[in-house]
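One chain is shown next in C-alpha cells, namely the form predicted on its own.
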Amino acid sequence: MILVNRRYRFSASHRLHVDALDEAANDEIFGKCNNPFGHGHNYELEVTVHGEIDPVTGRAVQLDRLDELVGRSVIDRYDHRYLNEELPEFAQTVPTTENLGKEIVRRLRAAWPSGFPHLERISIFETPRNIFLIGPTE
C-alpha cells in the first residue's frame, strides 16, 4: 500500500458572512474576511490517494486520470469564481475553507471511478498558515 499526493492550484474569492447575524457579530467572527467586496485566495489543493503498486507499471495511480478527474470535478468549477454568488452550493452556506473542502470531497466522491485507488483525504492550503485536511467521509 502506498500514499500518493498530487497538488493542484486554483484561485477563488469569497466573503465570510452570515446573513442572520448583524454586522457587528459578522465583524467579530470573521474580521477582515467579512469585507463586503470579498477577498481572494490562491488555493493549493492536495489530493491524497492510496492503493497497491501495479506490478506491471510500478505505479499506484495513473496521474493523468487523476488530473483529469480533479480538473473536471474541482478546478473547472472553482477556479476564478466568486464562491458566494456564482455557485449554488454556497448560496446558503458560508464558503469557509472547511465548507469548500467538504464540497470538494463530495464532488470527488461522486465522480470517483470504480477500481480507482482509494481517496484518502484532501488538504487545502488557503494561506501558508491555514491548512485544512478533510477526509472522504466528512
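Just so it is clear, the model here is predicted, and its values are computed rather than measured. Start at 1 with the first residue shown and count on from there.
Omitted from view is the form predicted together with another copy of the chain, to which the following refers.
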- Contact between P113 and another copy of the chain in the predicted complex at 4.5 Å, heavy atoms? no
- State yes or no: in the predicted complex, is some non-hydrogen atom of G71 no more than 4.5 angstroms from a non-hydrogen atom of another copy of the chain? no
- Task: Would you please decide whether I53 lies within 4.5 angstroms of another copy of the chain in the predicted complex, comparing each non-hydrogen atom pair?
- Result: yes
- Is there a heavy atom of K32 no more than 4.5 Å from a heavy atom of another copy of the chain in the predicted complex? yes
- Task: Determine the residues of 114 to 133 with a heavy atom within 4.5 Å of another copy of the chain in the predicted complex and present them in sequence order; the list may be empty.
- Result: E126, T127, P128, R129, N130, I131, F132, L133
